[in-house]
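In structure tokens, the next block holds one chain alone, the form predicted on its own.
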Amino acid sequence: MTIERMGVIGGGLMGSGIAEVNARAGLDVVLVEISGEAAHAARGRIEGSLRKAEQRGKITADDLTAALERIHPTSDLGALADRQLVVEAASENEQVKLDLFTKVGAILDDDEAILASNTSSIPIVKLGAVSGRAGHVMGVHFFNPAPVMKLVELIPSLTTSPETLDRMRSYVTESLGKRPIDATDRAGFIVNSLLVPYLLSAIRMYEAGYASAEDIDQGMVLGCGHPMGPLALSDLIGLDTIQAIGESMYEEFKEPLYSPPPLLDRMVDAGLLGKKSGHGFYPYSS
């Protein structure tokens, strides 16, 4: 069954990007935020991204208009009732996600509807257990910026049905034109299991005074050919998100390399979250 109606919970950087990807692919999208004001802001974020795509010649003016018409922002979870797929992209907080999966699992009308999480680290099996539809719950991890990045991690849990995984693989490849890779339901999945220890190592290096943030980043950009240095990338992802992923991975595996360093904890406590807050390892203008 082709997925034509989908919903996104959360209109932040990732949620708005996922909504944009689906709207550009021709799907009807309900975008749910915590308030009407936040939903309106999410739509504005998407429109800004679409206008940049138009300026770069990636889409036409008609494409932009059509995509925006397919996006329906709201603060009402009940608007998700008729969706064939719902992707949760709320903050990386386990209790928040558990509460959402409990509520949305009861809201969906279609017994075959899929409820997926864009989590970076929280066990999918826990989300499935509270949803009342464990066979139709799995992880679908997009990467930032979602309209540009081609990779999507698909994460079935022990209780996800093979049919659900097949439908999601078809949705990612045929509807969205992206490349899926399969990961097991373990904290960090594939990409973050490799990436987060690297980012935390760079933060420890900066914390210990080995080098400046600029020199650490330039070392990896010019010395290793990375498109962005680890501290700038941490700012882009969000230092609170890096902290949450590290804590989740450390909780599961007890490996010291996953444990967030004290400097990261202090920066998050201070509200220095990176680009989204205007300051992290680097300052950012609004």
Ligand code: NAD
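Quick note: we count residues from 1 along the sequence shown, nothing fancier. Since the model is a prediction, treat every value here as computed from it, not as a measurement.
This next part talks about the form predicted in complex with this ligand, which is not shown.
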Non-hydrogen atoms within 4.5 angstroms of this ligand in the predicted complex: do G15, S91 and H141 all have one?
yes
4.5 Å heavy atom contact, V29 to this ligand in the predicted complex
no
T160: heavy atom within 4.5 Å of this ligand in the predicted complex?
no
Decide whether G274 counts as a contact residue for this ligand in the predicted complex under a heavy atom distance cut-off of 4.5 Å.
no
Is it the case that A66, even though its partner is missing from this view, gets within 4.5 Å of this ligand in the predicted complex, heavy atoms only?
no
Residue stretch of 176 to 184, 107 to 115, 162 to 170, 91 to 99 approaching this ligand in the predicted complex, non-hydrogen atom distance within 4.5 Å:
91 to 99
